[in-house]
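A single chain comes next, written as C-alpha cells; it is the form predicted on its own.
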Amino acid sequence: MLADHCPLTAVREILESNKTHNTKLWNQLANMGLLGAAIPEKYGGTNMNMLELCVIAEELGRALAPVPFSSSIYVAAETLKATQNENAKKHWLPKLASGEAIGTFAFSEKAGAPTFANTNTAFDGHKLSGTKMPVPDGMSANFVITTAKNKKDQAVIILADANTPNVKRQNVRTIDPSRKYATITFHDAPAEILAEGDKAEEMMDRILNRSAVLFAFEQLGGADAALEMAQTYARERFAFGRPIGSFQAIKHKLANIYVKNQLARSNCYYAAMTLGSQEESADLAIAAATARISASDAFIFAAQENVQTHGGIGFTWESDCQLFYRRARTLSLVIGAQRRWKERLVRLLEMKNVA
C-alpha cells in the first residue's frame, strides 16, 4: 500500500506546502485497521500487539510517510492505554483507531532534556497554563498529552483538548517540513489528569521506553531505504565507462551503511522481543535505549552517505536525498537527543551492575 500510495513525490508535496499531513494516506491507514493495531478491541482497535506495531513503524519509516502516526500511536495511544483514567480512554482511543482524531505529546519547553525537573507548565487541578515547543504534529492534533507540575510541585501528565480558545498554536519551522511542528500555549486551558506524582514519573519512563523501540524501527526502515537508494544510483551512474558502484570507495560507503543498519536491526529485534513479551521485560529500558541509539546513528549515517554517493546532484533541491537526511535528523531528536539516550543507557547499566 505504501509503495503504491506514498512515493517520495507525496512526501515532497507535504514538504513544499502548508499541508500538515497526507490526509488520504492517513485515511487509508485507518481503513486498513493499522491505526488501531495495538489498541484493545473494546476501544475500537484491532487488538494486535506491539510486534505488529514494530512492523508497521518500520514500513512507515521506509516510505518516510508524512502522517502523524508516531505522535498519535507510539506516544498518545500508549499513554492512554497506560492511564487509569477510563473516561479519557473511552473518549479518545476509538477516535485514534478510526483516524477521526490526531493526538500528540508535548514534553519539551526549551533547550535541554525534557524532564519534570525543568518543566514550568502548571496545572491547578482543573486548568493548564504554560508553553510547549516544539510539539510534533502540533498543528493538526485534536488533543495534546503534556507534562506539568501541580500546586504541590509534583509531576503530572495531563490531557488537554487542542481545539479550544484557551489553546493557541503557532507553526515552528524545522529541518523537516514534511512533518509539521508547533509551539502550543495553554492559557487556563481545561485539562484532565492521566497520572500524577510517582505514577506520572513511572508512566513517563514507560512511554519513553516503549516509544523509543517504535521510533527505532521507523528509523531502521528509513536507513534501509536510504541504502537502497544509494545502491540503485551506484549501479546506474556511470563514470569513466563503468558504474560508480564498481569503485572501491563507493563499495566501502555502501558496506559501512549496511553494517550500521544490521547492527541497528539486531538491537531493534531484541528490543521488540522485550517489548512484545506478555509481562514487560526488566531489560526493556536497556534494550530500548540501545535500539534508539543504534537506529539514530544508522539512519543519520545512511542519509549522509546517500547524499555523498549521489555526489553533486545529491545536494540539490531536486534530489530526494534531502528527504532522508531531514527525517533522520528530526527523528533523532523527537523524544530526546542521542546524548540523552546515551546518558540514560550508561545510568541503567551502572544501576544493573550495582544490583
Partner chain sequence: MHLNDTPQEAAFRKKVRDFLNQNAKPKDADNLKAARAETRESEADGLARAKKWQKKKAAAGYAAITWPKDYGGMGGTAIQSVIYNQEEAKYHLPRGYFEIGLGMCIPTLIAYADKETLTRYVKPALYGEEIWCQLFSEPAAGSDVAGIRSRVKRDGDDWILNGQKVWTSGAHFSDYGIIVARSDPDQPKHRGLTFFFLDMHAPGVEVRPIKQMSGGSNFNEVFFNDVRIPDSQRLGEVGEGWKVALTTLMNERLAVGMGESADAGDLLEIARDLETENGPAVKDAHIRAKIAEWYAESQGLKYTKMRTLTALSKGETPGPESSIIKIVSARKMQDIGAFAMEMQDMAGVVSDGELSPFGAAFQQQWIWAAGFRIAGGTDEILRNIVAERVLGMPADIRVDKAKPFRDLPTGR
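Positions refer to the first chain, counted from 1. All of these numbers come straight from a predicted model, not from anything done at the bench.
Omitted here: the form predicted in complex with the partner chain. The next part is about that form.
Chemist: Answer with one of 151, 110, 126, 90: the residue that has a non-hydrogen atom within 4.5 Å of the partner chain in the predicted complex.
Modeler: None of the other options qualify; the answer is 110.
Chemist: Counting any non-hydrogen atom inside 4.5 Å, which residue from 286, 56, 39, 29 sits next to the partner chain in the predicted complex?
Modeler: The residue in contact is 286.
Chemist: Thinking of 227, 318 and 336 as one candidate spot, does the partner chain come within 4.5 Å of a heavy atom in every one of them in the predicted complex?
Modeler: Every residue of the candidate spot has a heavy atom within 4.5 Å of the partner chain in the predicted complex.
Chemist: Considering the partner chain in the predicted complex, find the one stretch among 193 to 201, 211 to 219, 80 to 88, 227 to 235 with heavy atoms no farther than 4.5 Å from it.
Modeler: Result of the contact check: 227 to 235.
Chemist: Are any of the heavy atoms in residue 45 no more than 4.5 Å from a heavy atom of the partner chain in the predicted complex?
Modeler: Outside the cut-off, so no.
Chemist: Does any heavy atom of residue 68 come within 4.5 Å of a heavy atom of the partner chain in the predicted complex?
Modeler: Contact with the partner chain, no.
Chemist: Would residue 19 show up as a contact with the partner chain in the predicted complex if we use heavy atoms at 4.5 Å?
Modeler: It does not: once the partner chain is placed as it appears in the predicted complex, residue 19 has no heavy atom within 4.5 Å of it.
Chemist: Hey, in the predicted complex, does residue 326 get a heavy atom within 4.5 angstroms of the partner chain?
Modeler: It does: once the partner chain is placed as it appears in the predicted complex, residue 326 has a heavy atom within 4.5 Å of it.
Chemist: Can you tell me which residues in 170 to 187 come within 4.5 angstroms of the partner chain in the predicted complex, by heavy atoms?
Modeler: Going through 170 to 187 in order - heavy atoms within 4.5 Å of the partner chain in the predicted complex - the hits are 172, 173, 174, 175, 181, 183.
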